[in-house]
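Only one chain is shown below, in structure tokens, and it's the form predicted on its own.
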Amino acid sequence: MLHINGLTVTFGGLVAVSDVTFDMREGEVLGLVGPNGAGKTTLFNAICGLARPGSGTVELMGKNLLSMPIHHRARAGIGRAFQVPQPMHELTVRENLTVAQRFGAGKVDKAKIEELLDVLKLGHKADMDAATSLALTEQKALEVGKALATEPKLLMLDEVLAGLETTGKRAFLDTLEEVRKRYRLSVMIVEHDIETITRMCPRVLVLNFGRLIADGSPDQVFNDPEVIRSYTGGEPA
């Protein structure tokens, strides 16, 4: 489904992502972890179109994403939710979803909007101001909803659970799993919480200093000596 080969992103003299190669299967739930500054969000940005790679290829369902502007990548099947919710100010919750749908899917499907409001448990606040009327968990749900409104094939979640307390996080994980099954999505998730990654992701990639240093099951990668060194401050081997 997603094929990344030799992807490198630099900012001046800093190599943020270094020669990263991996494939992701359709329907897969893939975790992306690593220490702060490892290159996780930059990798996400390169896939979505917010960072320009210096070299390498990114293909989704056989389509070359690097040749596309951001909105074309959304219409090709990329849906992205950010760590910090970004509701569109002075618009209602329903209007936020509608704008995202028009941008990403190129059309408005009112029935799909109502379905998203229901599955994300936002129906009771559908006509309230999205920027001022939502609790943090609801803001996170709306952020995911905007990504879903674009009708993605690949849902990319960048630390969407950050800031949630334990009970809220577990409830939100249940909602994400319901969403994944309902819409038959492939999911790539950046997350620092090892419990969350272990629960959600049969396969995990680990980045450190921009390099891909491990790829395997949670048990395999979190017991890998190089991964352990990366989290304890050692230089990569």
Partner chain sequence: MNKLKIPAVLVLAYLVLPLAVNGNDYVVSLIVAALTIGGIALAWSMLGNLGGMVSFGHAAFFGIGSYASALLTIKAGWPVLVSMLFAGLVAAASSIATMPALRLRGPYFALSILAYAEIFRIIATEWKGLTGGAAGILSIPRLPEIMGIDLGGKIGGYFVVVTLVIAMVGIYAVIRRSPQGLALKAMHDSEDATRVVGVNATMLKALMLVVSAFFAGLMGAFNAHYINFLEPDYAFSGSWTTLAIVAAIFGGYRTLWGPLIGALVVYLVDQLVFKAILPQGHQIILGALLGAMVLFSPTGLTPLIAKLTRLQRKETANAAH
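Basically, rigid core = biggest C-alpha set you can superpose within 1.5 Å across the two forms. Just so it is clear, the structure is predicted and the values come from calculations on it, not from any experiment. Numbering follows the first chain given and starts at 1.
Beyond the structure shown, there is the form predicted in complex with the partner chain, which is absent from this document and is the topic of what follows.
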Q | The unique member of A171, I194, M68, L50 whose heavy atoms fall within 4.5 Å of the partner chain in the predicted bound form | A | L50
Q | Interface residue in the predicted bound form among A162, V99, V119, L136, criterion: non-hydrogen atom within 4.5 angstroms of the partner chain | A | V99
(Q) Under a 4.5 Å heavy atom criterion, is E115 part of the interface with the partner chain in the predicted bound form? (A) no
Q: Verify the contact flag for K110: yes if a non-hydrogen atom of it lies within 4.5 Å of a non-hydrogen atom of the partner chain in the predicted bound form, no if not.
A: no
Q: Using a 4.5 Å heavy atom cut-off, state whether E90 contacts the partner chain in the predicted bound form.
A: yes
**Q.** Contact flag, K146 vs the partner chain in the predicted bound form, heavy atom cut 4.5 Å
**A.** yes
Q: Would you check whether the partner chain, in the predicted bound form, lies within 4.5 angstroms of a non-hydrogen atom from each of A74, F82 and E95?
A: yes
Q) Among 24 to 32, 42 to 50, 56 to 64, 186 to 194, which stretch sits within 4.5 Å of the partner chain in the predicted bound form, heavy atoms only? A) 42 to 50
Q: Answer yes if the Cα of L164 shifts by 2 angstroms or more between this form and the one not shown on a rigid-core superposition, and no otherwise.
A: no
(Q) Aligning on the core only, does the CA of I113 end up 2 angstroms or more away between this form and the one not shown? (A) no
Q | Rigid core superposed: A131 CA moves 2 Å or more between this form and the one not shown | A | yes
